[in-house]
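We begin with a single chain expressed as C-alpha cells, specifically the form predicted on its own.
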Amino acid sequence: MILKEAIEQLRNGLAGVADPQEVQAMIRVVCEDIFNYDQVDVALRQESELPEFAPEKVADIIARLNRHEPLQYIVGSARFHGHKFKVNPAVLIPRPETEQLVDLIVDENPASDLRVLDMGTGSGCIAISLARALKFAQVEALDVSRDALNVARENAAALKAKVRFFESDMLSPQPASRYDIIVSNPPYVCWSERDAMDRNVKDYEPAQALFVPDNDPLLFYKAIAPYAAQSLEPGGKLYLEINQRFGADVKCLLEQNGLDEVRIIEDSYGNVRFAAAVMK
C-alpha cells in the first residue's frame, strides 16, 4: 500500500463518520501519528510505500471510527498546548477550551517560583503545561484514579516536566498545603445532559471524570472552594473550568467561601466556561 492509497481508503471509509473537513483532519492525524508523515510529506510523498502493517491498520482505524471510538484513543495521543500527550480510556481527551484556561493562568501569573496545584489532573495536561510555561513553578497534581496518574506520570516524563503527582479524592483532599495557584477542571456535566452528547464522548471517555448528579451539579466545586480558601496564600488565585449553565451559582459559592474578585469568563466561542477568584 502506498500513501495515496491509504489516504483514499481513509477518506472513503470515513465518509459517513464526519464532514469532509473533519475527515481531512482525521487523515492528517493518522498520517502523522501512525505513519510519521507530516503535512509536507503527505504533499510530496504520495507514491511512498507504507509499512507492511498499513492495510490492516487502516482498516482497523476505519472500523473503530465507524463505531465512534475517539481517534485520540485509537492513535494513543492528543495534542494540547503545543505538546503531544498520551491518552487512553483512563483519562479524558484534552479539549481546546482547556488550553484557554492554561493560557489565562500563564498570562495572569508572570512571577517565578509559584506553587501550583492541579486538582483532578487526568492526563496531566494542565499541570504539565503549566510546569513548562510558568517560570520555575513548583507544580503538584492530584487525581483519585491510579490509572490516570500512571498516564500523567508518563506524560510528565516524556515532556520533561517536573510535577509531583499524588493520589487523592477531590471530594476529600489531603490536608491543605499552601499554594499560589489552584486550578481544576472537575466533573461538571449533569447526567441529564448525557443524551445530547456525542457518542465518542459518552460511550468511551471515563464517566467518573465527566458526570455529576443532576441534584448536585456543584458537587466538586463545593469541595474545591473551601479547600482553596484554606490552602491559597493571601493574593493566591483559583481557576476553574465550569458548566456554562451554572456560572452564577459557582460565583455565589466562591464568594460564600471567602474568595474575592470572582470572575466568570467566556471561552473563545462565547460560552461561559471558566471561573477565577482571588484569596483575600
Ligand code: GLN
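Note that residue numbering begins at 1 and tracks the sequence as displayed. Given the structure is predicted, the values throughout are model-derived calculations rather than measurements.
One more form of this protein, predicted together with ligand GLN, exists but is not displayed; see below.
Taking any heavy atom pair closer than or equal to 4.5 Å as contact, tell me whether E97 reaches ligand GLN in the model of the complex.
Within the cut-off, so yes.
4.5 Å heavy atom contact, M197 to ligand GLN in the model of the complex:
Because a heavy atom of M197 falls inside 4.5 Å of ligand GLN in the model of the complex, the answer is yes.
Spell out, yes or no, whether the shortest heavy atom distance between V144 and ligand GLN in the model of the complex is within 4.5 Å.
Flag for V144 set to no.
So, N185 and ligand GLN: in the model of the complex, are they within 4.5 Å at any heavy atom pair?
Contact with ligand GLN, yes.
Pick from A209, A156, L134, A78: which has a non-hydrogen atom within 4.5 Å of ligand GLN in the model of the complex?
That would be A209.
Of these, L71, V189, A90, I105, which has a heavy atom no more than 4.5 Å from ligand GLN in the model of the complex?
When ligand GLN is considered in the model of the complex, the option within 4.5 Å is V189.
Tell me, please, which stretch of 201-209, 156-164, 134-142, 110-118 lies within 4.5 angstroms of ligand GLN in the model of the complex when heavy atoms are compared?
Going through the listed ranges, the match is 201-209.
Could you list the residues in 230-244 that come within 4.5 Å of ligand GLN in the model of the complex, counting only heavy atoms and keeping sequence order?
Residue within 4.5 Å: E241 only.
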